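First, one chain by itself: the form predicted on its own, in structure tokens.
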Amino acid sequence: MYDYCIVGAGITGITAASILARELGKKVVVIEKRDHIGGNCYDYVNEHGILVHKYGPHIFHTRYKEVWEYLSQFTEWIPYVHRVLAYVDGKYVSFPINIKTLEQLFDRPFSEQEMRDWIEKEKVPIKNPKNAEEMVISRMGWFLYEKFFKHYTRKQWGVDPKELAPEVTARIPIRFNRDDRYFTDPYQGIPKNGYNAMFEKMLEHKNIEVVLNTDYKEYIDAISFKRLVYTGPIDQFFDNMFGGLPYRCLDFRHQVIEEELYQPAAVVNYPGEVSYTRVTEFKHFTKQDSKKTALCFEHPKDHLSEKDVYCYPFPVREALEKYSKYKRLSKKIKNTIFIGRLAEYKYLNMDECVKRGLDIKNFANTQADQNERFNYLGL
């Protein structure tokens, strides 16, 4: 008999298990379909001793002090501030757009006022942008859209930016200063020994049992539990009753080369017409000493089967309308809590996933009905 059965050993499920067991004394079983914990945050040391993120780069950043302090119980941090470059016109250019970006593109200095004046002349007056393309050109104009967004967005999503919700590109800032940090959160870093080492410590507790390589539907009838925490794909929970929810996936192609360093930053975006969207070089995170370096090329692709790596919920109206049907249905399921990226069909940063897990302690001991619990989580 378990108090809680948690479906999914990703960052949300692991945090929830840790909180329930450590702070509330609950007995928990975590069921994971893959052969490893950590979900898409999974990392490992390759044969050359380099710490590699299997599913692309994961840089932890948060504004939540409680999230940072909780994880810091289980890891030391490598101080790392993420700075991204884009390969444009044969050179590496600062991204997101800031004063340095224009200086590098035009090979001349810009002041803050000069940048503001230039952007003001470039941007297209659109009061209410209706799609991802209009969102960019209304903020910074056609020139920067063509250089940084048009081809990248089309590759990333497999459709024209006109077909995507404006929120897709709205999250990319434009800065009228020289701040070239990708994230501006006060807490940023990489777990010193990797994410998996941190996750293993979080799950090291007498009240936590982890079952890998197992579809929960094939296991759940063999155990007894009081409540279910579901972090998997919500459409699969309901056997695709309203049809499968679409995702954009990635093909991660790893490569080791005989060079100490391949590129000048950990992540370089390729907004041009090459097939991949970005290249990650992991040694920039860890500063490991090696005469070889490990790279990951990301090639976006459609979601065709459950074997594909779920990466991004598809930001189109039809998908969100379908999800809303599953969401309404989920509220009728008693003693089941739906949290996390896949269960909420929402792109959540890692810290938000951790916060979902931390927040479980605020209602886990209550007798509130399902609707009240969902309202608490803001779902």
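Keep in mind that what you see is a predicted model, and the values were worked out from it rather than measured. Numbering starts at 1 and follows the sequence shown.
Missing here is the form predicted together with a small molecule; even so, the following discussion is about that form.
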### Task
Spell out, yes or no, whether the shortest heavy atom distance between residue 347 and the small molecule in the predicted bound form is within 4.5 Å.
yes
### Query
Is there a non-hydrogen atom of residue 357 within 4.5 angstroms of a non-hydrogen atom of the small molecule in the predicted bound form?
no
### the small molecule contact at residue 216 in the predicted bound form, heavy atom, 4.5 Å
yes
### Task
Examine residue 33 and determine whether its closest non-hydrogen atom to the small molecule in the predicted bound form is within 4.5 angstroms.
yes
### Task
Heavy atoms, 4.5 Å, the small molecule in the predicted bound form: which of 53-61, 328-336, 66-74, 315-323 makes the cut? Say which one.
53-61
### Task
State yes only if every one of 41, 278 and 353 has a non-hydrogen atom within 4.5 Å of the small molecule in the predicted bound form; otherwise state no.
yes
### Message
Counting any non-hydrogen atom inside 4.5 Å, which residue from 118, 252, 187, 92 sits next to the small molecule in the predicted bound form?
### Response
252
